[in-house]
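What follows is one chain in structure tokens, specifically the form predicted alone.
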Amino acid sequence: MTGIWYWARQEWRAIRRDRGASAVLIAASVLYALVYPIPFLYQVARDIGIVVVDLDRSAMSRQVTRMIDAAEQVRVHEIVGSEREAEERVRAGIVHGAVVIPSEFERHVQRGERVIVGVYGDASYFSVYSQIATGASAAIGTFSAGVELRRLQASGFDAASARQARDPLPLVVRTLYNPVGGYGNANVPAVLILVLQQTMLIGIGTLAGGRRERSTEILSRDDGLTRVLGRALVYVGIYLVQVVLSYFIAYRLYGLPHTGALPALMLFLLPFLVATAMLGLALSRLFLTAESALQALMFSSLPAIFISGFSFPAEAMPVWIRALAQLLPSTQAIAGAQRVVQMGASLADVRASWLALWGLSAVYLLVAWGLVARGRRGASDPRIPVGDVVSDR
């Protein structure tokens, strides 16, 4: 245990002396935790501009236009007289969609004939398209239901019977674990996990690369295990504080929903931090300079996001990508942390992910230990006293 504390103190001193590593390990995580949620505080996009192509110019078409404009998702920017004008507005980026009300709309509705109202949205921006489709469809559906109810009442139904005949199987939709269906609620927990993982990997890599670059590596005659455990202890300690900052202080500061218990979340994320620290210590053996570590590990950040499964279902990805994703601690950590944070799951509920993270911790500990033991060149030389500062390149 004395050896572990020795290496922990040495690592902490090295972090404090290396401005680049301390900026990544401490300042970057704090900055991300406090700044990242800000753009998503409104949760969902509202008042997305669209145009209405009113080819009927009737009282009924104006009523439909007002109902669409009243929907919270969209805002009628302009009423135009042709589809060509609407297309020009969309191409120019003035609006993101259009609703086309056909000619003789009111006449066909009054005669009980089927009328098709077109809704067009810019699907190159998927969340915008989804909001346009939702807002316009709800407004047009409400108008259509009103027409049908009036028709049934005119044929002799009372109000209650007309509603039952119009909608014999009423559909009730409830959004679970994300009441407002917000982007921030869905993505902030997952992105914070990735921030914790990537900043720790980059910080460990740049510190080790800089140490070799300056030839300030300390050699020891121990078997390398105490060095790995001591160094990992420092990183896990730093990032336990980051977890509290990210999931307790930042969540309360921005009013994000957090139904899970903080102790359960910290217990769940403990093996994630251990696995990430061990992975970072193993990868750090690859880098001879701080710059090479920064470049390589920054490059890995975007692939880690793509394959993590929070932005696109993992089940829909190729098998080999899913297998590759399991090598990253963030994959299991995101799956479990989202359940704890949003669903209020207990540690027992996320036991499978928790055990998988401990398994990764053991594997990466063996890899890091093996690489450190292999790199102890000169450690057996009795002329070099233990604790001397020498290069291991």
Partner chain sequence: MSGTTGSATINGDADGATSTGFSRRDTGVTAVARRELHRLRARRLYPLLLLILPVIGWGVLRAIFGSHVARDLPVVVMDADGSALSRRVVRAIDATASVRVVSRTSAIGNVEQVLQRGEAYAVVVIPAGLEQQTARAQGTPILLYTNGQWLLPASTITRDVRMAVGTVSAQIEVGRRVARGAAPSTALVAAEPVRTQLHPLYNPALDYAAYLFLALIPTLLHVFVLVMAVHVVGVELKQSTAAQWLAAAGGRAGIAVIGKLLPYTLWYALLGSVMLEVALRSLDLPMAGNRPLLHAAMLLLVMAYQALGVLLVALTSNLRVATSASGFIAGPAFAVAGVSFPRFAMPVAGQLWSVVLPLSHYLELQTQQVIVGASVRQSAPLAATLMAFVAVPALLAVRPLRRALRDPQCWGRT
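Predicted model, so just to flag it, every value in this text is computed and none were measured. Positions refer to the first chain, counted from 1.
We do not show the form predicted in complex with its partner chain, though everything after this point is about it.
Counting only non-hydrogen atoms, which stretch in 240-248, 226-234, 183-191, 265-273 is within 4.5 Å of its partner chain in the predicted bound form? Of the stretches listed, the one contacting the partner is 183-191.
Could you spot which one of 356, 365, 44, 26 gets a heavy atom to within 4.5 Å of its partner chain in the predicted bound form? Partner contact (heavy atom, 4.5 Å) among the options: 44.
Between 282, 109, 76, 80, only one gets a heavy atom within 4.5 angstroms of its partner chain in the predicted bound form; which residue is that? Selected option: 109.
Contact of residue 125 with its partner chain in the predicted bound form (heavy atom, 4.5 Å): Looking in the predicted bound form, residue contacts with its partner chain include residue 125, since a heavy atom lies within 4.5 Å.
Can any non-hydrogen atom of residue 166 be found within 4.5 angstroms of its partner chain in the predicted bound form? Flag for residue 166 set to yes.
Looking in the predicted bound form, any heavy atom of residue 51 within 4.5 Å of its partner chain? Flag for residue 51 set to no.
When the contact criterion is heavy atoms within 4.5 Å, does residue 35 count as touching its partner chain in the predicted bound form? Yes - in the predicted bound form, heavy atoms of residue 35 and its partner chain come within 4.5 Å of each other.
Three-residue site 63, 67 and 261 fully in contact with its partner chain in the predicted bound form at 4.5 Å by heavy atom: Not a single residue of the candidate spot has a heavy atom within 4.5 Å of its partner chain in the predicted bound form.
Which residues, if any, of 262-294 lie within 4.5 Å of its partner chain in the predicted bound form when only heavy atoms count? Result: 289, 290, 291, 292, 294.
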